[in-house]
Structures are given as structure tokens and as C-alpha cells.
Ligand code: UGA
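Shown next as C-alpha cells: one chain only, the form predicted on its own.
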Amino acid sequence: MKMKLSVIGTGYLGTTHAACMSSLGFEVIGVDTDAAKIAQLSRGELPFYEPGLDTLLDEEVKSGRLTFTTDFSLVADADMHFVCVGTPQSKDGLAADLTYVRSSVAAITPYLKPGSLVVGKSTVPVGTAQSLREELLQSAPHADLAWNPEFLREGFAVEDTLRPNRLVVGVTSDKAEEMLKEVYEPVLALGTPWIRADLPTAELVKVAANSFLATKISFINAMAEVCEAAGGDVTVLAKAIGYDPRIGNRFLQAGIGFGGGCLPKDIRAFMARAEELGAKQALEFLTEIDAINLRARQRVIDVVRADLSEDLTQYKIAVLGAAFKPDSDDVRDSPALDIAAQLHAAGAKVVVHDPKAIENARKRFPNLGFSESIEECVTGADLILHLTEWKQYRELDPKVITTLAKGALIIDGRNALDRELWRAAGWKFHALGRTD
């Protein structure tokens, strides 16, 4: 008989995990304190955009295997409880706010049956799992706690859950590992590498991975700054070094940097935790990584002023992209939206388009202009900013856009457009790290 699972927290991670575990044949109950969200999920409706997840959610809810509730007592017959709540950056510093993690574990503790396993998936500072386990063993000694970090890429969340490139579990007993192997048996059957670790290492794997990716992105953006100063081309440089198998070509696309709800806050929380542990010097390089990332946004604004004027009050700027990455409606710490907001604050008339993130962007910056169509967005624009590399933007015909825009001037903040195609259509084309 298959185990019954609960998922605590029905945000991006929790909803994805719940639907995917249900698709593997488990009975899953998702729990959250947000009644409106639970009602929407119970109808099989996804409250955010993620390719493929909407269909999967609807199928699993209709199957009866997947249910949602605000009543924590209904997890009492579950064998395993996945904690999938957010760990945002603290309002008063760089550290992670663990309020939701701790309150979630506390909420389910009275309902843990003998032999059940609490499994953390949230990204937390190292040491959190051990402290939670010690507290749990005091209040519910008949249960145990493990950590199983997630490695989801927005836009590929279903694939990354059902066909991950590795599964990492932090456990303190063979029984906990056996239970997790039972849950992930269909995934392991695909040949997925299984890594057993202690609790601190499992926590560190996630933040170490994010820190490495952030470092690689900021490195190529630093090279873009040097290329501009030296008259080089960062796209050719990236291609050349990417052939070295020790380096690889992934995450070597220079542009306006990384954003979203994970990388920025995770590397900051990692630095804060290292300082608490007395290992501040080991991660001081991440301070510069963060600075390079934020500087990339300012460099775009500098190029805009150089191309138009220091005084932007007379200009309309069309911004293509609001989400922090394509195939997502997530605007948390979005470089694109940050740049748009700064240009608006400088007096420019800014109109933003995005295929999926307009609603979330409007909630974040209601004073910005928004357009549901690309054509309307660029009409009368003195300058176009390409800031999120959606497929729709890469496939634009510059000759058509010429008939709509006021000025044939575009800045490619993602180095994703065909420069020669745009130039052939009469456009002045700028991209970070590439000189004319």
C-alpha cells in the first residue's frame, strides 16, 4: 500500500511537488493558510504560470488523489510531510526569515502519527534542519525529520521534479532514507543519481549550487564590462571559453543579470549564515557577485541616457519583458521590472509588455504603463528595451516594428536578438558587452 503524503505550503514549490507526487500514484493533501488559494487549487486552477503544471494539476485533482485544505488536522493519517514554504529575505537584514518553516512544522507536530517523517524542501540556512529535528524529537519523539532540497527551474518545474538530474536527501537514519527511496522509486527507476548526506550537507548543497550559478552569471557580466571598455565582444568571448569542458557554455549569456525569488535572496542569506558561523571570509566574494549583478541593471540605464538624453521626460520607452525569466510570471526581484521602474522614476514614459507577467507586474508597480500587445507597446516609442528573452520577442520582425516605433533604437539587455537582422532593417542596435 502506497504511503499517503502531505505538502505544507502551496506556493510555486508546494503546488508543483504535490501535483507531481500525485501523478506518481500517491494520495496527496496540500495544506495552506490562504483560503482563497486553496479554493482555487481545489478547482484544479493554477494561481501562477508554469508550463505544463496547469494541465497536470487539473488531472490530478479530478483523479481524486490530490486534495487541498486549510485544516492542518487532516494530515494526521499522512506518512510523510513535505515542508515547501517560503524563506524570504528578512526585512531588517540579509538573513533568511524562517517564520513560515518553523510555524509549518509546529502546525503539523500535534498530528504526526508514529513512524511518520517530516521532510524539508525549503531553502534554509545550514543548521536549521538539525535545530528543527531536535525540537521535533522533544515534542513528537515518535516522528523524524529529513531534508530534501529542491532544484527547480521556473519554466521546467514539472520536468525537474519527475526527471531531476539528482536527488539529495539529508537523513539521520536508514529508515528515513528507505522511506524517501520508496516515495521516489519511479524517479530512481529512470537512473536518477541518489545522494545520501547528513542534514548540514543537504542544506548546503542547495545554497552552494545557487551561489555557483550566480557566480557564473556575474562573471560573464563582469567580462561584458571589460569587453565594452576594451572594444571586445562578450558573446564571442563566451562562446570561446564555453568550449572548455571545465567551464561549459551554460549561464554564460551576458545581460542584465539574475533575479527571481531564489538566487538573490539565497546568496545573501548564505553570506549572513557564514558570518554567524565565523566563516565570513569564505563567502566575501559573494558580496561582489551581488554587486556585479545589480550593476548590470544600472549599466542599461546608463546606455539609455547615452542614447537618448540625461533628461528622459520627453521620451517613450517600450520595455519588452517584466518577468525575471521567460516561461514564468514571476516578477520577484526582476531586473527587467526594476529597470522599467527606475526609468519611470527618471521621468520617462514607460510602457511594459510581457506575455504572462503583466498582472503581477502591475501589482508591484501600478504607476507603470502596461500593454497587452507588443504592437501597442512599441507604437510611438523612442527606444525599445529587450529585457526578458521570451520567444515572441526573439521572433519579432524588425521591419514591422520600424513602422510602429518613433525611433529605430533598440537595446538588447539579454544578448538574445539577431543583431544583424535588426541592423539590416535600419535599427541602431546596442547590447551589453558588445561594441559597435
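Don't overthink the numbering: it's just position in the shown sequence, from 1. The structure presented is a predicted model; accordingly, all values stated were derived computationally and were not measured.
If you look for the form predicted in complex with the ligand, you will not find it shown, but the lines that follow are about it.
Checked against the ligand in the predicted bound form, the candidates 168, 180, 171, 217 yield a single residue with a heavy atom inside 4.5 Å, and that residue is 217. For the residues 329, 144, 154, 79, the 4.5 Å heavy atom test against the ligand in the predicted bound form is passed only by 154. Contact check for residue 253: a non-hydrogen atom falls within 4.5 Å of the ligand in the predicted bound form.
In the predicted bound form, no heavy atom of residue 222 sits within 4.5 Å of the ligand. Although the partner is absent from this view, residue 270 stays clear of the ligand in the predicted bound form, with no non-hydrogen atom inside 4.5 angstroms. Put simply, residue 262 is close to the ligand in the predicted bound form: some heavy atom of it is within 4.5 Å.
The candidate stretches are 317 to 325, 69 to 77, 234 to 242, 124 to 132, and the one lying within 4.5 Å of the ligand in the predicted bound form by heavy atoms is 317 to 325. In this stretch, 114 to 150, the one residue having a heavy atom within 4.5 Å of the ligand in the predicted bound form is 150; the partner itself is omitted from this view.
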